[in-house]
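A single chain, nothing else alongside it, follows as structure tokens in the form predicted alone.
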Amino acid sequence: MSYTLIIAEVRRGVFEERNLDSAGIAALLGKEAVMLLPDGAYQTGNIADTIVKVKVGEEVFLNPLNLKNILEKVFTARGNPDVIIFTHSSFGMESAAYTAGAFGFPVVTDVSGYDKERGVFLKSYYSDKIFGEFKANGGPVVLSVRSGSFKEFAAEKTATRVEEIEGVAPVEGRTFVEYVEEEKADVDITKADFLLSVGRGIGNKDEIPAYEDLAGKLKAVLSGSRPVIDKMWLPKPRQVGTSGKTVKPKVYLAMGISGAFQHIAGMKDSECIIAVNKDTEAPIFQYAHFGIVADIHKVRDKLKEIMG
């Protein structure tokens, strides 16, 4: 029986929201969706046709060396899947590549689209300026899917079967050590109704206070893109994007942000996106509800003047 295998990602027993993207593309593929979970993991809703729980802890499950042996058990019990889906996270990127290499399957990473009529997977390059098309020529193909690309297609099932398989002995040479807590945030940007987000286009760190002042006048929370955080102009908890936080404010005002796909994935579900950039070709304008092509500092100063 043909099926799609979703490798769920969990942290401390909690089902990660990015798994919805895996379930979404599985729904588009139209085959039985089988989700693989470690024992004790909490699952959000019925978003797969079948849940297969492995009798191992997540610290064993999240190790790609152990996962390879777990997958061998699944393949023996159910046969090879048509597609194996990972999240495009640090775990997913590593495990997708390792799984593909271990079994000799082709792999396509960072999949952001699927053309159902042609059976083609889409992968973007150069900040979504061009797209590559990939089609599997029979046999299993391994994917990692971009966060925010498919979750809207994840549909709750009326019933879900639950199966169990025995665990595996952990492979020696690589073991889980600990979870490291991220830096404590002075504010949770995921709960803000209005985010003023700045990018490398602001020029330098000396400009940050002026944007903090504008954020205060707008009753917004200041956030930033990865380059701003990498340069330590703002603290890590204020980063928007795949390596930061996914946000859905009522208003997202992006100033000096070009719109790399990693950033877009973290904010594209905002209710209203306003982009300010002097580059008319900036990719963020493709996602903005309103766009302003202008010097961001002049726009900032005009807004401050208006707000008083």
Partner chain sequence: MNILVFTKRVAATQEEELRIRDEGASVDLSKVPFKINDWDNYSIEEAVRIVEKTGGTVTAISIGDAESDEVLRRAIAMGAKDGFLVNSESVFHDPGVRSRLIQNFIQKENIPFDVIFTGVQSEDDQFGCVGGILGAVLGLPYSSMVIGIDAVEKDHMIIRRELEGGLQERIKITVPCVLSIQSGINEPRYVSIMGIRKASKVERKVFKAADYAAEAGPGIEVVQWAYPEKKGVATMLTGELDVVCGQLLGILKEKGVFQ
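Residue numbers count along the first chain shown, from 1. None of these values were measured; they are calculated from a predicted model. Take the two forms, superpose them, and find the largest set of C-alpha atoms that agree within 1.5 Å; that set is the rigid core.
Below, we refer to the form predicted together with the partner chain, which is not included among the displayed structures.
Among 112-120, 69-77, 162-170, 149-157, which stretch sits within 4.5 Å of the partner chain in the predicted bound form, heavy atoms only? Heavy-atom contact with the partner occurs in 112-120.
Would you mind picking the one in K248, K31, K55, K278 that has a heavy atom within 4.5 Å of the partner chain in the predicted bound form? Partner contact (heavy atom, 4.5 Å) among the options: K278.
Residue-level question: is K135 within 4.5 Å of the partner chain in the predicted bound form, judged on heavy atoms? K135: contacts the partner chain in the predicted bound form.
According to a 4.5 angstroms non-hydrogen atom cut-off, is F15 in contact with the partner chain in the predicted bound form? Heavy-atom contact with the partner chain at 4.5 Å: absent for F15.
E207: heavy atom within 4.5 Å of the partner chain in the predicted bound form? E207: no contact with the partner chain in the predicted bound form.
Even though the partner isn't displayed, in the predicted bound form is P38 close enough to the partner chain, meaning a heavy atom within 4.5 Å? Contact check for P38: no, nothing within 4.5 Å of the partner chain in the predicted bound form.
In the predicted bound form, which residues of 66-100 put a heavy atom within 4.5 Å of the partner chain? Read in sequence order, the residues that approach the partner chain (within 4.5 Å, in the predicted bound form) are S89, S90, F91, M93, E94, A97, Y98, A100.
Establish whether a shift of 2 Å or more occurs at the C-alpha of A23 between the shown form and the other one, with the two forms superposed on the rigid core. Comparing the forms between the shown form and the other one, which are aligned on their rigid core, A23 does not shift its C-alpha by 2 Å or more.
Core fit, then A282 C-alpha moves 2 Å or more between the shown form and the other one: After core superposition, the displacement of the A282 C-alpha between the shown form and the other one reaches the 2 Å mark, so yes.
Quick one: once the rigid core is lined up, does G203 have its C-alpha move by 2 Å or more between the shown form and the other one? The answer is yes, as the C-alpha of G203 shifts between the shown form and the other one by 2 Å or more after core alignment.
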